[in-house]
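Let's start with one chain on its own, the form predicted on its own, as structure tokens.
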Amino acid sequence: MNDQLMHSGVWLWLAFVLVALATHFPRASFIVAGGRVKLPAGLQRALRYAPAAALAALIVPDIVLVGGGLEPVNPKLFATIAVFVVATRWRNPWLPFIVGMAVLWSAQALLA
């Protein structure tokens, strides 16, 4: 009987269901609780930085790692610095894109 269950894929479907529950319950708890639960002020302040931290965690490794190793001098890093400077100085949404691509291509040509 156990051998039949193992080969029928029941354990695989059980794993899918458990992973789905483990993923959705923590997220749904915030929706279900809604305004009835008040988070501490310190936690609310800390949660404001969560989107920026998540974005940084996704982007920074791609900027500073080249071929799996840390490389402090690379075209992506130069372009990122240029984009940051331009974006903080001017509020034009297209200018950081244009400057960043120009710096990236120029640095790739110079460092290649």
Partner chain sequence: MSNDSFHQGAKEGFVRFLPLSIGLIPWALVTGVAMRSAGFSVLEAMGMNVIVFAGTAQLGTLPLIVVGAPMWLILVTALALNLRFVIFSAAIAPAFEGVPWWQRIFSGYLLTDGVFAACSPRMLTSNDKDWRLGYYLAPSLWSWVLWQVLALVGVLGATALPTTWSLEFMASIALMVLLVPFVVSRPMLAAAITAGTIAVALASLPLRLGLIAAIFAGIGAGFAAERWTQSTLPKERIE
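Each form is matched to the other, and the largest set of C-alpha atoms that superpose within 1.5 Å is called the rigid core. Positions refer to the first chain, counted from 1. This one's a predicted model, so the numbers in the text were calculated from it and none came from an experiment.
This next part talks about the form predicted in complex with the partner chain, which is not shown.
Not displayed here, the partner chain is kept clear of S106 by more than 4.5 Å at the level of heavy atoms in the predicted bound form. Of the heavy atoms in V73, none are within 4.5 Å of the partner chain in the predicted bound form. Proximity of V66 to the partner chain in the predicted bound form: non-hydrogen atoms within 4.5 Å are absent; the residue sits far from the partner. Residues of 54-81 lying near the partner chain in the predicted bound form, listed in sequence order, are A54, L55, A56, A57, L58, I59, V60, P61, D62, I63, V64, L65, L70, K76, A79, T80, the criterion being any heavy atom within 4.5 Å.
Remark: with the core as the superposition reference, the CA shift of R89 between this form and the one not shown stays below 2 Å.
Relative to the superposed core, R48 undergoes a C-alpha shift smaller than 2 Å between this form and the one not shown. In a rigid-core overlay of the protein, P61 has its C-alpha displaced by under 2 Å between this form and the one not shown.
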